[in-house]
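For this one, two forms of the same chain are given in structure tokens, first as structure 1 and then as structure 2.
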Structure 1
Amino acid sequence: MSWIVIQQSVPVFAQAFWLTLKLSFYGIIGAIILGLIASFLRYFKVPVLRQISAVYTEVSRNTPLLIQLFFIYYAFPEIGIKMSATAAGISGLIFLGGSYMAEAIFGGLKGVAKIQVESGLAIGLSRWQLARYVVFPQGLTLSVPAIAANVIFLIKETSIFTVIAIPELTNTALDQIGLYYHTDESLFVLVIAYAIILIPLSLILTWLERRARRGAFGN
């Protein structure tokens, strides 16, 4: 392994690093919004929309991101929906992540104690007020560790964007290998780059989980 080669490749990887972060950011924000919508539909038992969101969740969770991306990027144009690779990547990540976020959020809402709901009813809160002041604030807090775990999962999934030639980290490493045969160096930098993003997040996750287990809401 050559140190010089590593140094020389840093600028290229730095660009890919930011791109990975940027794509992850948009994808995760979109996934959280989609997840909130899906879990609200389920919580409020909204007719029809709730069934649609259940079907979406199953399809999204039981198919691989890679084939979701292929479908969005290669098959959609054939029915008249064209988008750039980047847009396809972000859309794919949102489609995949939305269902994982929905499960995390709904899990939190379900975790709110029954007695909390009953004491809300006992002081005359309506169903909407109960959600607004009792179930959502507590449930969303409970779902934070699961959401954080999904954040890590989704960032890792961006490595699959390489199949539609988005120049994120993995794609850049493969490029470097293909162009210059700097196999060891490129893979080394690649692993380090993911470690820089994911180790701090994984430490935060461990901390969140520990806090959740101790009961952030010792009532």
Structure 2
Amino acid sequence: MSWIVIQQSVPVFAQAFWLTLKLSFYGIIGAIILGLIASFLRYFKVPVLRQISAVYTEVSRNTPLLIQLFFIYYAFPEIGIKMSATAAGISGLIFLGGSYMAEAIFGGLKGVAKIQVESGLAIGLSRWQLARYVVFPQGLTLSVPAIAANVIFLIKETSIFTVIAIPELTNTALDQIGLYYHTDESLFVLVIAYAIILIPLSLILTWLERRARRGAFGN
């Protein structure tokens, strides 16, 4: 392994590093928003939309991101919907992540004690007030561990973006290997780059989980 080669490849990987962070950020934020909407539709049993949400969740969770990206990037243009590779990647991450976030948040909402929901209804809270003051704060707290796991999962899924030629970390490593045959050096930098992203994030999310658990159970 050549440390000179590693040093020379750092600028290229640095660009890919920031792009990976950008794609992950937009994808995760979009997934959380979509997950919130889908979980609330299911929890409050909104007619028709509840069924649509359930179908979306099943389809999204039971198809690989690879297939979803192929469909978004290559099939959509056939029906007049064209987007850049970056937009397709973010859309795919949101589509996949939204279903996982929906299940995580829905599980948290279902964990709210039934007596608290009934008490809210008994004092005349509207559905919106019940969601805002009773269900949402407690349900989201209970959802934190599952949401944290999904965040890590979605960041790692950005490696699939290489199939539509987005120059994120994995794609950059494969390009470096193909161009210069520096396999060991490229894979080493790839591992280090993901470790820089995931290890601190994992520690932060673990801390948040503990805080949420103390808040939920009063410890």
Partner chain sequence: MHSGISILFAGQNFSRLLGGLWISAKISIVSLVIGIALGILLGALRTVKNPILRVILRLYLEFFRIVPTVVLLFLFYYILPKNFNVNLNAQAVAMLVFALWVGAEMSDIVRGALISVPQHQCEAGIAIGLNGPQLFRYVLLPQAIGLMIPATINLMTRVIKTTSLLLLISVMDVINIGQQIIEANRQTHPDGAFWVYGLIFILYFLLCYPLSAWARHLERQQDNNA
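Residue indices: 1-based, along structure 1. If you're wondering where the values come from, they're calculated on a predicted model, not measured in any experiment. Rigid core: the largest C-alpha set superposing within 1.5 Å between the two forms.
Asks: Specify the structure that is the form predicted together with its partner chain; exactly one of the two qualifies.
Replies: Structure 1.
Asks: Please check if K110 moves between structures 1 and 2, taking a CA shift of 2 Å or more relative to the superposed core as movement.
Replies: Moves: no, less than 2 Å.
Asks: When you overlay the rigid core, is the Cα of R127 off by 2 Å or more between structures 1 and 2?
Replies: For R127, whose C-alpha is compared between structures 1 and 2 after core superposition, the shift is 2 Å or more.
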